[in-house]
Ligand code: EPU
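Below, in structure tokens: the form predicted on its own, a single chain.
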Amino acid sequence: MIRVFENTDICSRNSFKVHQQAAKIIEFDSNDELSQIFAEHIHGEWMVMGGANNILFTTDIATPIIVPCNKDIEVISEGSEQVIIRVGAGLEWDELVEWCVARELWGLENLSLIPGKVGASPVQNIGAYGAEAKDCITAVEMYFPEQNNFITLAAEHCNFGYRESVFKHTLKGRVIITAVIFHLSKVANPRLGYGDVEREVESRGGATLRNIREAVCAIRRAKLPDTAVTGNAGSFFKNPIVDSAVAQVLLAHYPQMPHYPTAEPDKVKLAAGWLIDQCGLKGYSEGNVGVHDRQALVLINTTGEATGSEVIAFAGKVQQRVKEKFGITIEMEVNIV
């Protein structure tokens, strides 16, 4: 069923809990309804929103906001070692991870407890603890309003990179993701080499799917604020990727600096949270905005009254401090609207 909401405060619909007015919000459950929306309700610009866990609103929204609410999980094919599923864009991401773990399907367990909807997973190529959504995405289904048709884009054409995809560039604002197709494995493939995952898994008795999920959830809960309690958008900044030569110079001065290999042999990924922490900003706040006291990568709405403009101004100060101390520019991961 199509549901239309007019002149609505979107505070409860975005994880940063900022107050902005939306002129019109339109929810849909099926592809037929989406076509109907563009035939009857949309006559110009529009934007799409899932859980708004990676969006910072800085102004009222005059254009219609389209919200996918389809939550079905369909098994497309199943073999002795692999299962292919189609998942509706409106399903909560962590509900999908739990569904997979409960059925002993490997691939998404390291991405447990990431907030947001399934439809956002290919846009950001969400990742955590050594895994990324692209590792399991086979294809993305979407609606193309310009041509009034539904298309399926294979993963190899999605231009996935670190927190990157074609949906943030050439297809931004042009398509609405309706479903994502994933390939999952029945064969055990634990990935424990990132952060405290291995230690937490071993403390639970070893590398089972359930233990890995519970370990990742425990780590995230210990470090990250609950969006239901404190407004935030998760990781506000990307971990910077720098030339190996730059990393070596920094390591000479800061031997304890976390650093990780990348797919490119001459590049190194640094931990933005560590860089911010070394600037003395963990737990620091100004006005209504602050840096989380357990994870410096996360900016928080400390009072519940922060505006998007306040958050952007505060984020700029964090970037400036990191640039001054390390000569590194950390980019915002959050989408600004």
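Note that this is a predicted model, so its numbers are computed, not measured. One rule holds for the numbers: they count along the sequence shown, beginning at 1.
This protein has a second form, the form predicted together with this ligand, left out of what is shown; the following refers to that one.
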Looking at this ligand in the predicted bound form, do all three of Arg13, Thr58 and Gly173 come within 4.5 Å of it through at least one heavy atom?
-> no
Out of the stretches listed (164-172, 221-229, 88-96, 101-109), which one is close to this ligand in the predicted bound form, meaning heavy atoms within 4.5 Å?
-> 221-229
Here the chain is shown alone; which of Leu297, Leu34, Ile300, Ala52 has a heavy atom within 4.5 Å of this ligand in the predicted bound form?
-> Leu297
Looking at Pro258, Pro261, Gly206, Gly193, which has any heavy atom no more than 4.5 Å from this ligand in the predicted bound form?
-> Pro258
Report whether the minimum heavy atom distance between Ser235 and this ligand in the predicted bound form is within 4.5 Å.
-> yes
Touches this ligand in the predicted bound form: Trp46 (any heavy atom, 4.5 Å) = no
Evaluate Ala271 for contact with this ligand in the predicted bound form, applying a 4.5 angstroms cut-off between non-hydrogen atoms, and reply yes or no.
-> yes
Looking in the predicted bound form, any heavy atom of Asn239 within 4.5 Å of this ligand?
-> yes
Between 307-337 and this ligand in the predicted bound form, list the residues on our side with a heavy atom within 4.5 Å.
-> Glu333
